[in-house]
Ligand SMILES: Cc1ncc(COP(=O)(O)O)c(C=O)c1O
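One chain is shown next in structure tokens, namely the form predicted on its own.
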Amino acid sequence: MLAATAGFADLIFSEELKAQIDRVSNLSAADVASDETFWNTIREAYTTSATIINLNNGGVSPAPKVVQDAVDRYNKLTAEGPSYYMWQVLDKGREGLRKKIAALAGADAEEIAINRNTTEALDNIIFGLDFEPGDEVLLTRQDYPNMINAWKQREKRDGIVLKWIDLDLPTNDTKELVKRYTIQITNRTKLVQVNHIINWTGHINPVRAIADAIHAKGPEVMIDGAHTFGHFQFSVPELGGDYYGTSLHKWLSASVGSGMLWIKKEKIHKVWPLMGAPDTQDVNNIRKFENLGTRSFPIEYAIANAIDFHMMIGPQRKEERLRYLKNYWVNQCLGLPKFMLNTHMDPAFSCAIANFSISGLEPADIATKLMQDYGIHCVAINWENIHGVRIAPHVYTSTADLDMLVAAIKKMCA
């Protein structure tokens, strides 16, 4: 009886969601961005908490119910006969999933490997490329710690030289950013790591301009795209890099533990897989980076449901909404005494994520007060020259949630 009731409820919601999609089908994405009726329906597709306002979607985003249900369904199927359903049924479906991810990435399916997160994807590159002692790798002090630590391990083990770039954020000066990423390149520089989004602040790098300038001097480009895939629209190959890794459990809203690696086809043969595989370095087969052994096939399979959900919303609508939400709360706080925005408002340089600080208050104290007094979950950032609180709403975030945030900030700034 309960199952039947739940099924009926799901059917009713599906009809309501379809009606809302149909209603906005002829509206521009910019117009839909502020349509709270539409986005409240999208919110109902998530199992949002009634007790906290989650504004840390940059860390990991929740999956909508349709994705959660898919994982449950495949888990139950697997449990009926694990070795059969895992290896004889679900494992055979990876090629269709590969093509689906590739289509969203604007890439060739033969360049896409399914991994568990950005760290695993980019570690394939960091530990898979052949370097000689003295070879140089450039990265920024504002990069993600997992990548920094992996490069430091190669420095200790293999004698490569790490050269550090300092970014002065916020900025929308493309020429200066290109200069920062290229000025230290020498004839020993083999690779430059470029963050598509600086996760601490939400700063979007002009990756194509940076990558082209790097390539003009010789080195390869590895792009950390942890926060960009499913966040705003772009084609991975058109970013101009040689390697790209991302997490699908952030802005695409896939299940936790899903990620993607892209390698330019002609580069695949030169990279050793992180996990030992029958197909070793000299094989030009992207599948050699998927030799993970026993893993969660249900989580992999549910990526397809996350892509379907993403496409149902519409990538352009989603991008416009995410930027609208950032602008909604920030514009109400600009000009407040003691309030400082650490993210540039230029739409080419930011989307959903923004970082702020309040003069006289430590970021950790701000984040603690937001959680304790208002039930707002966010994250304090103290990393290199970046000190503030990161706010990262998602498509299920309501303007009412952000009104609560604004009220809290105004009180702290008073």
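Here the structure is a predicted model, which is why all the values come from computation and not from measurement. Residue numbers run from 1 along the displayed sequence.
A second form of this protein, the form predicted in complex with the named molecule, is not displayed here; the remarks below concern that form.
Mapping the unseen interface onto this chain, Ile197 counts among the residues with a heavy atom inside 4.5 Å of the named molecule in the predicted bound form. The named molecule is not shown here, but in the predicted bound form it comes within 4.5 Å of a heavy atom of Tyr144. For Ser247, a non-hydrogen atom is located within 4.5 Å of the named molecule in the predicted bound form, even though that partner is not displayed. When the named molecule is considered in the predicted bound form, His227 lines it closely, a heavy atom lying within 4.5 Å. The listed set Ser255, Asn205, Thr119, Thr343 contains one residue whose heavy atoms approach the named molecule in the predicted bound form to within 4.5 Å, identified as Thr119. Picking from 87-95, 110-118, 298-306, 126-134 the stretch near the named molecule in the predicted bound form, with a 4.5 Å limit on heavy atoms, gives 110-118.
Contacts between 300-331 and the named molecule, taken as any heavy atom within 4.5 Å in the predicted bound form, involve no residue at all.
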